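One chain comes next, on its own, written as structure tokens: the form predicted on its own.
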């Protein structure tokens, strides 16, 4: 197989072509699309949305789903803002504690799924309501406005007047996830459990521990996204995370993730986030109703799932023919 043939078979090649074509088409109809301001707006959206997508991607990798991604991110966000405003905790320590809250929420999800054997759909649906209820109980549905100047500066700052500072944690997370999934035993265990849980157990992998690890990482990433949203919008809104669910599934699925588990791609998921951001930006530039984003994302998920299903069928047919 030639190097070019191998590239064609990667998960990220198709989304990359779509991104390039989308940029060319949008630029042709809107010359201001590639202005420094628009590029910065795109990167701001990508920086946050990528962490949301990675949080769901880790759960898809084990063949499950996490409906509480947004609730965990929202709880971490208002905890981060509240600790700084109410208790005067320094921003770095507040961020660390908020990340710990996200990690703990994900850990609780994973333990309950592993111990009870109840579907992740049911468990995370229940914890979605619990974490959201705690959020509203803490805030009484009122925002936290006392965001320190250094957090606001981080949320608005940029490198070379182009690359947002909040994109740096996302870049670190992307590299770390790639290294975990494809270079460390823990990552291989996660993919093995997603590929065939029974076979993974027979090979000596502790399935319960692996499921718990994946959910804990998911909670940690969701909390990171919540913190970045607070820095970006400069307020701790109780509604943070309410609209994350569709996006969290759209980007990994567009990136070729197999919903039954065992196959995900960090690069392709990131490109899936870029595709969604480009669609959103195009709708704004062309003065199209922004509520259509939800319709378009739903359509993209259906198309991507259909393509993935066809690919699965072909792979199974090839295995049977060998």
Partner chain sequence: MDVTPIFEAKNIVKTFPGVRALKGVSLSLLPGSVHALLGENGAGKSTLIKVITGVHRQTSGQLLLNGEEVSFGSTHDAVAKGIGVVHQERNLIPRFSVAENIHLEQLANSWLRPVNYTALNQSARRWLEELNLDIDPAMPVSDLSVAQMQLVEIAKALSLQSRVLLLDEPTASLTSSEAANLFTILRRLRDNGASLVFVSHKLEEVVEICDRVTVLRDGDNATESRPMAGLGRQDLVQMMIGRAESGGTWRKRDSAAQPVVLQLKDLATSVGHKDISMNVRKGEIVGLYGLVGAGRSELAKAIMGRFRVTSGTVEVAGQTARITSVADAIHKYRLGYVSEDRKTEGLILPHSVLANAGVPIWRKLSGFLGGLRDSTVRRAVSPYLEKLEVKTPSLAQTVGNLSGGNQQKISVAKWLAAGVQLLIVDEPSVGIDIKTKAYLHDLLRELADSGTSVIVISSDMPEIIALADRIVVMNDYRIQGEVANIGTYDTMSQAIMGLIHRDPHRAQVA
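Residue numbers count along the first chain shown, from 1. Keep in mind that what you see is a predicted model, and the values were worked out from it rather than measured.
Quick note: we don't show the form predicted in complex with the partner chain, though the next part is all about it.
Of the stretches 188-196, 139-147, 91-99, 244-252, only 188-196 has residues with a heavy atom within 4.5 Å of the partner chain in the model of the complex.
Proximity to the partner chain in the model of the complex, defined as a heavy atom within 4.5 Å, holds among 205, 134, 216, 83 only for 205. With the partner removed from view, the residue among 159, 118, 184, 129 that has a non-hydrogen atom within 4.5 Å of the partner chain in the model of the complex turns out to be 184. In the model of the complex, none of the heavy atoms of residue 276 sits within 4.5 Å of a heavy atom of the partner chain. Although the partner is absent here, residue 229 lies well away from the partner chain in the model of the complex, with no heavy atom inside 4.5 Å. None of the heavy atoms of residue 124 is located within 4.5 Å of the partner chain in the model of the complex.
Proximity of residue 170 to the partner chain in the model of the complex falls outside the 4.5 Å heavy atom cutoff. Contact residues in stretch 255-271 (any heavy atom within 4.5 Å of the partner chain, taken in the model of the complex) are 258, 262, 263.
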